[in-house]
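The data below hold one chain only, encoded as structure tokens and taken in the form predicted alone.
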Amino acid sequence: MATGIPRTSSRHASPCGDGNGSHTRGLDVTLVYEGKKTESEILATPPAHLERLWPKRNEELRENRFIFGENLRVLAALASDVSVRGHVRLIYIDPPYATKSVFQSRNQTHAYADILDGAHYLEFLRERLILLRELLASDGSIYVHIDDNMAFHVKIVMDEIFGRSNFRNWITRKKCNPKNYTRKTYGNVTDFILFYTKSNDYVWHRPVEPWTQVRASEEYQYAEPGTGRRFKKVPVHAPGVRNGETGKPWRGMNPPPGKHWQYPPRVLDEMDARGEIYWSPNGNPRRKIYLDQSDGVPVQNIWMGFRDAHNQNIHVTGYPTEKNPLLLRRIIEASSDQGDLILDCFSGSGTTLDVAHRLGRRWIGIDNSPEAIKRTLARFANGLEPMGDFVKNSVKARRLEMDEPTLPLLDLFHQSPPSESKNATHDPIRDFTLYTEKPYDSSLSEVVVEWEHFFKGELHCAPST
């Protein structure tokens, strides 16, 4: 396991209680609003009672959990589960954005309503973040995907819950192509991801982007005589005065005023003996950094390559606000290891769950939208479809509706031979247990029956046509 241990100061400690059930140590700013509960009230949320929908009780229980229910009560239930509380290595959530909108899938089916605003929205999210903190492992991370509607308020709330010293990044993502706005404003093409950790010691695998020939030539401008290895030159000193070994003269030279050597003179001698020091014509030392020792370009906090579906050929589930799988891949690979437990309590189309599964992580997904559960099960069975197919299918469905009094609840699974499938290489995800919060309203009954047939091999996995 790789861990990142950033420099800390005594002024900002890891979150700890202040005697009133609050994690506000080190904060000089908090939000005050009507209806803000105490942490103790939130932690006393009545837990959901869950029952298994699939597989049946007499069948084998699978470790991954997919839960249909209201996530606050489900999180409260997970907080009392010793196998989950304090063991979640990574949390990613893409909650509602306080847009006061109602969303539909591409087949015009109701998906969810995003109608909370202001203080009601903040408290809705804060309650869930406090419970998520309890589930997070001491070396775990949480990523909260949000837009500019409430991002700055949410940042203050997360500082309060996780501690300002555990804020790592405000990531800006380009979400779409440029817009030709008719109103008097700049085009809105970004949203944001707030990255926090539970402590200063957290799982971290630095993501890098591969070097391009042009970029490598620009940055590594020199070729070493004899070996031909490309390198760049960097200073061997750093800001700040030191009184120890790194502040002493080396080769008769003192560090520049106000600076110190990056390494003790003994280490600099060893580097020079290996040919890793470049001496300028006037005798100034520089360190050689070789291109062939670099894994790639370290990723910064502006992410350009993870747009949402932006043309008819992009593969999607058809669920609104669906995120790019490559975005989740970067986050999961950076902040977890194989076998770690990942949680998404606004799982929507199931992108987090799908990517986590294929990267060898365990997972828990929660959503209270029947449409989200259906779309995720369809994704598990059939994979994704080109976005344009949903347009063609909706036209076909409207035509059928005029001729037939009823239509099937969902075209989730189809009786087509695997060889006819456009997704013949798709590997279905079956390794999970589907739960529902009690009392169960039977809204998924037909889908569960269809899924059972699919799992038993009575239906083949093939996408809609």
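The structure presented is a predicted model; accordingly, all values stated were derived computationally and were not measured. Residue numbers here begin at 1 and follow the sequence given.
The same protein has a further form, the form predicted in complex with a small molecule, not shown here; the description that follows concerns it.
Here is the short version: of 385, 94, 191, 123, the single residue with a heavy atom within 4.5 Å of the small molecule in the predicted complex is 94. Among 168, 287, 128, 164, the residue placing a heavy atom within 4.5 Å of the small molecule in the predicted complex is 128. Checking 369-377, 217-225, 136-144, 269-277 against the small molecule in the predicted complex, the stretch whose residues place heavy atoms within 4.5 Å of it is 369-377.
In the predicted complex, at least one heavy atom of residue 319 sits within 4.5 Å of the small molecule. The closest heavy atom approach of residue 71 to the small molecule in the predicted complex falls within 4.5 Å. In the predicted complex, the small molecule lies farther than 4.5 Å from every heavy atom of residue 78. In the predicted complex, none of the heavy atoms of residue 361 sits within 4.5 Å of a heavy atom of the small molecule.
Looking at the small molecule in the predicted complex, residues 323, 346 and 350 each place a heavy atom within 4.5 Å of it.
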